[in-house]
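Consider the single chain below, provided in structure tokens and representing the form predicted on its own.
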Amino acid sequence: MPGINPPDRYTGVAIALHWIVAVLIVANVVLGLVADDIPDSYVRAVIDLHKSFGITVLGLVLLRILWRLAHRPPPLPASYSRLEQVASHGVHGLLYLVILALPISGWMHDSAWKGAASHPMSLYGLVPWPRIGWIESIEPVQKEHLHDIFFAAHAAAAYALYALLALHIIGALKHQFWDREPELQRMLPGG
């Protein structure tokens, strides 16, 4: 398998942000899926951790976008067809959009929760975190309706994320193992 030159790799910061966000997203998917199946005494802690991970992902992905704007990513290998290049850029763009939409829709959902006033939000139980004021101040019946709408948006974004992650992973593995391009080496830590 051919080697890879440093200019063909992502920067160390981009690599670190990619993998930290990926791990937090996987952990958050697990937390979201198990919340309904755990004893009631643990539900609040799991949901609070889910919220903390989501807000952390939001901050890190915003940082990653800023980093990407300031540090051009390495070009795609010349062997990629035009269709593969367009698909790669399209999937990456949609991933960024969905990764932003998930925590924002979750934050909106939480801000419309009827129990919000009696359960302040904090990151990791340490840092107070505000809810979205205009949502929190809506009259209760309308807020409950918005709570359902924002949850539906959050769930739809989660399903979109699953599909996009599958395309992203399948594409990377196809290029690495089928096409024999050093695709994974562009984003794996340690060179």
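Sequential numbering from 1, following the sequence displayed. What you see is a predicted model, and the numbers here were worked out from it, not measured in a lab.
Beyond what is shown, the protein has a form predicted together with a small molecule; the following relates to that form.
>> Would you classify A155 as touching the small molecule in the model of the complex, given a 4.5 Å non-hydrogen atom cut-off?
In response: Looking in the model of the complex, residue contacts with the small molecule include A155, since a heavy atom lies within 4.5 Å.
>> Please determine whether L17 contacts the small molecule in the model of the complex, using a 4.5 Å cut-off between heavy atoms.
In response: Judged by the heavy-atom cut-off of 4.5 Å, L17 is well away from the small molecule in the model of the complex.
> Looking in the model of the complex, any heavy atom of R64 within 4.5 Å of the small molecule?
Replying inline: Answer no; every heavy atom of R64 is more than 4.5 Å from the small molecule in the model of the complex.
> Do W107 and the small molecule share at least one heavy atom pair within 4.5 Å in the model of the complex?
Replying inline: Yes, W107 is a contact residue.
> Considering the small molecule in the model of the complex, which of I149, I47, I138, A163 comes within 4.5 Å of it through any heavy atom?
Replying inline: It is I47 that has a heavy atom within 4.5 Å of the partner.
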